[in-house]
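Quick heads-up: it's one chain on its own, the form predicted alone, in structure tokens.
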Amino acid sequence: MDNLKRSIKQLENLIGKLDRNLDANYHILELIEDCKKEIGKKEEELVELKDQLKNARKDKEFYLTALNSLPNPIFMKNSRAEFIFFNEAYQEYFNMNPDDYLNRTVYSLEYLPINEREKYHREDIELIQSGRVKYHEKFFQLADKNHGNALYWSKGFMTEQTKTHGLIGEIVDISIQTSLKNELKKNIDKLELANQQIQEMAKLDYLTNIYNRRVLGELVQKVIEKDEKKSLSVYFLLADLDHFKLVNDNYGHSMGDKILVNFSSLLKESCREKDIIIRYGGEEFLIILLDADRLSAMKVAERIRCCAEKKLLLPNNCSITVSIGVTEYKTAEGVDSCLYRVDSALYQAKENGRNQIVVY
């Protein structure tokens, strides 16, 4: 275009000499032809520029439509960390007008505490300069006034030709996933609680609702070891209802069950809360007295024997008596060994005529 301007200027000068110089006429014609050629070239360039502009507009529309078609909120920032673009999903997610925030930094986000705004702005500048990526999990205030849980990431970049720096970010709403995760955790907690309850129920005798012998391997050993460390004595009592088979034979199993339930209640009343009462099998009951001595163990055994004689009555008002073996759990002794000795003491009580206590 500069050449064209110079040619036109020369034409103006030559036109002033048109009548005086014939050679100038030929030169004017040559310059006119040159101008026509130059104008032709410029017209071709202009057509090419228009095509390029048209294609650029198509590309812009295509990429803009693509960004707006994304379901996740997208934003972009320039080299000064100022917002330059929000896609439609971003505008809808936060119910915001982009014009209120374009060409402004994160400091314009009033809903964020000032310390967070300062932190994010420093982070934006660092990412823009380094081209690194950063991830966050964040709670956002949504358009419906609820709080949404989202994964937020942003990454700095630089264009290849113009070396222009910028930043792009995306927000992925994980509110549903978080809700499902929390619900799953609640269900898992419920299942674990139910499993614990089932395990505890498995340790209980279905009739008397006291421990069954399954606890011997775990609970009893753990409690005994605890008292051993404190140098406290532990005593085992093994109680057996006398002639219990005759109760079932003469009055039926329902009466036998009633006697067992009543005897279990009697044992609870006769022992301390920390003591362990186990239905050992049939009409046999194991009582483990923690932090006890020989005298206190004998007193508990005698209390159980007397209460049974007074309170365990059949329809004919006859008493159900109980025989009891007593022994001390010895240090470094296994449970099985102690059970053998207390069972021997019980057997001796039976041999001695029942309704009595034998210490072994």
Ligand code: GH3
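Remember, predicted model here, so these are calculated numbers, not experimental data. One rule holds for the numbers: they count along the sequence shown, beginning at 1.
There is also a form predicted in complex with this ligand; it is not shown, and the following applies to it.
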property	result
Touches this ligand in the predicted complex: residue 282 (any heavy atom, 4.5 Å)	yes
Heavy atom of residue 80 within 4.5 Å of this ligand in the predicted complex	no
This ligand contact at residue 174 in the predicted complex, heavy atom, 4.5 Å	no
Contact of residue 84 with this ligand in the predicted complex (heavy atom, 4.5 Å)	no
Interface segment, criterion being heavy atoms within 4.5 Å of this ligand in the predicted complex, picked from 72-80, 104-112, 244-252, 118-126	244-252
Sole residue of 260, 216, 271, 223 within 4.5 Å of this ligand in the predicted complex, by heavy atom	260
Heavy atom within 4.5 Å of this ligand in the predicted complex - the one residue of 180, 96, 207, 151 that qualifies	207
Those residues of 54-93 which, in the predicted complex, come within 4.5 Å of this ligand by heavy atom	none
